[in-house]
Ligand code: 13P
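The form predicted alone is given below as one chain in structure tokens.
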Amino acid sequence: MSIDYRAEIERMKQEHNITVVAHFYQRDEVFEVGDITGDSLELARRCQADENPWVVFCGVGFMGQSVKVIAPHKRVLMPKIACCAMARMIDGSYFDESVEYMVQRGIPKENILPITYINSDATVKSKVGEMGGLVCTSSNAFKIIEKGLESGKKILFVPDRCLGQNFANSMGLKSCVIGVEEDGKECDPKEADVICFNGFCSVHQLFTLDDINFYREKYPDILIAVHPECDPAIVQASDFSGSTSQLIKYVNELDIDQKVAVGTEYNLVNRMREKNTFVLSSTKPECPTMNETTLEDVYLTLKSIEDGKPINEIVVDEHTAKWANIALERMLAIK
């Protein structure tokens, strides 16, 4: 006898006070059973305000950690503890090496202000918090970097080089990427305002100038809208760049006859308005880890709660949670 996963999920949510959370990039079958949907920080904040003791988070690992950090009283489970490739590019030791890189090139540690993109492990957020730094999202990075510069310190931005470079460019600042040469010379942090770790989103690297040229030639009046995790050359050649929520707002506010090609994860673009909205890629830009979670996985996770044997529970040690939360709270304090 086959199981009606959707019906069973709805039943268990009601009977056991469980909130199912789904990120925008999740496959449709999972996204549709989410009680709370959105981008990473929005999800964490709404989970914090939610009354249910159980959270089943459909996303990638650092997102489940963020909920646990800002709402430690919650029991947070993930159907798949999928790993964001960008978040895996940096850990505590790589962060320490990045700080040391700057110190060895003449910048005292006390003159470094680290800022980490929310797409990072709790350990990295914790180290950033201990150094007086803070977290940012793609929607508030401009504001966070701008505020950070008021300290007079050098900004160490981790882990996404593209996000750091794009916001530096938009602010008229000089950036450099650790370990990357420009004009045959190694990055010199003393000459830059924003020093970026060499991490990136593999999905947002799929978009190319050829893709933009293709759409502009096919539809001369088309608009190009991309996520700031794209390469700086792509952002500069576009008409709009914004976070997930900002892209949704931008597209929804366009006249329905206005064509737009969007450079971000496929599932999100596919759920935008049906008419005159295109994916800015010749291939399917689908995040493999975000798409690991299936409806059956969600069902089995809720069933584990019902059976009294919770699976894939997120645990963050007290020290890490304390400083990661401080880094998050510093961001939230900036209006």
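Each residue number is its position in the shown sequence, starting from 1. Here the structure is a predicted model, which means the values were calculated and not measured.
Unshown form predicted in complex with the named molecule; subsequent notes refer to it.
In the predicted complex, segment of 108-116, 151-159, 227-235, 181-189 with a heavy atom within 4.5 Å of the named molecule: The contacting stretch here is 227-235.
Can M63 be called a contact residue for the named molecule in the predicted complex at 4.5 Å between heavy atoms? M63: yes, in contact with the named molecule in the predicted complex.
Is the gap between K127 and the named molecule in the predicted complex 4.5 Å or less for some heavy atom pair? Taking the distances in the predicted complex, the answer for K127 is no, it never comes within 4.5 Å of the named molecule.
The named molecule contact in the predicted complex: W323, any heavy atom under 4.5 Å: No, no contact at 4.5 Å.
Could you tell me if S138 has a non-hydrogen atom within 4.5 Å of the named molecule in the predicted complex? S138: contacts the named molecule in the predicted complex.
May I ask you to choose, among T123, Q165, S98, S243, the residue with a heavy atom within 4.5 Å of the named molecule in the predicted complex? Only one option qualifies, and that one is S243.
What residues of 19-40, in sequence order, lie within 4.5 Å of the named molecule in the predicted complex by heavy atom? If the 4.5 Å heavy-atom criterion is applied to the named molecule in the predicted complex, 19-40 yields H23, Y25, D39, S40.
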